[in-house]
Every structure is written in C-alpha cells, then in structure tokens.
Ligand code: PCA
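The chain below stands alone and is given in structure tokens; this is the form predicted alone.
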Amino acid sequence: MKIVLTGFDPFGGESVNPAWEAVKLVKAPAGAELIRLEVPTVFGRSIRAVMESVRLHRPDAVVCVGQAAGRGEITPERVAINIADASIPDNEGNQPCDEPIVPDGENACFSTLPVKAMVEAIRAAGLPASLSNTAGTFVCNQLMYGLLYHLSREFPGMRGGFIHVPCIPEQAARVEKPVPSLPLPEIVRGLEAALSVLADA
C-alpha cells in the first residue's frame, strides 16, 4: 500500500505547524509506503501541490493533516464544503470571502477514508479523538474539498480525506489565553493509529 501523507507549513504568525511536524515523524504501517509532502498554507497552491504528488505517485490513499487551534482532540473530518471564507489571510495574503472553491462543484464532498474506524483506532491507542463534521472554511477545507473533487474525477478508486490535529504545548504556552494542546509524540501516535486502519482495510 502507498499513502501520500501531507501537512501544512506554519501560518498565522506561528513558527511551527504541528501537522507537518507530526507527518515528518509518523512511521508507515507495516507493509505500507509513506510519501510525505509539506503543503503551502495558500489557497489554490495547496491543492495543486497535492494533486501533483498524487499524479506522480498514484497512491492507494491520500491523507491530509492540518492544525485546528482550539481543538483538544485528533479529529478525522467527514465532510468539506464548497466555500472559501477566510477570517485571516493565507501565507500569500489571500483572504477570500464567500467564494466557491470549484464554481461548478457539488455543495459538499465526503471523505472516502474510514473515518469512524480511524476515531476508534486513535481512542484505542489511549488518545482523545472524535469525528468532525466541519473542516472550517480556511485552507484546510479548501484542500480537502479540492482533493476529493479531483479524486472523484481522475482517480475514483483512490481514497482521500483530512485529519485535524490540536496545537502542541509549545504553541499553547505562547498565547495569553491557553488553548487545548497535545504533545507532538501523542499526535504522531494518533496519526499512526489512524493510518493503521487504512493498511488493515
């Protein structure tokens, strides 16, 4: 099995993004190969980068990972919506407002990953996890929607989806009002548990 695993670069003034830091450390499930990709936190560029990797490597699955400040759990996403509405600029200053991601696309795209089984596997590893029904409206949602849109048309048998992870304690310690966090090694273990479900499927 071949899996493309992606994580975003730092954004919003942060010097680190736990998504990419975790992706760099995740061990591949037994019998699987991981292709890791750091993705720019930029509308449009993110999906182009991921699809370039997908077309090159032709994986069995694509799992994108992003940071969700304020969440204390690892949260596989069930659905992405066809809207880009940014409360802050991306890393190139883009700040779309109520714009469709794909003008002729469906209103929503659903993950083709076994998201409920992933939640169960993460919890079985002793880590907090829950199924999320909102990937937001920032670049994370744009990437998830764009990935699923393109996979359905170009590679309909390929599975794809998105997992949000909390901040790490180093980030939480730098803000005046602390946010929920998980240590990086625990995020890594949670992602490994989620990927093991793909390898066993």
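Just so you know, these numbers come straight off a predicted model, no measurement behind them. Residue numbers run from 1 along the displayed sequence.
The next section is about a form of this same protein that is not shown, the form predicted together with this ligand.
A.B. asks: Look up in the model of the complex whether Cys140 has a non-hydrogen atom within 4.5 angstroms of this ligand, and give yes or no.
C.D. replies: Within the cut-off, so yes.
A.B. asks: Check Pro166 for me: does it contact this ligand in the model of the complex (non-hydrogen atoms, 4.5 angstroms)?
C.D. replies: Heavy-atom contact with this ligand at 4.5 Å: absent for Pro166.
A.B. asks: Is the gap between Gly160 and this ligand in the model of the complex 4.5 Å or less for some heavy atom pair?
C.D. replies: Result no; Gly160 lies far from this ligand in the model of the complex.
A.B. asks: Would Gly66 count as a contact of this ligand in the model of the complex, using a 4.5 angstroms cut-off between non-hydrogen atoms?
C.D. replies: Yes, Gly66 is a contact residue.
A.B. asks: Where does this ligand sit in the model of the complex: which of 173 to 181, 21 to 29, 186 to 194, 6 to 14, heavy atoms within 4.5 Å?
C.D. replies: Among the candidates, contact is made by 6 to 14.
A.B. asks: Though the partner is not shown here, which residues of 22 to 53 have a heavy atom within 4.5 Å of this ligand in the model of the complex?
C.D. replies: The stretch touches the partner through Thr41 alone.
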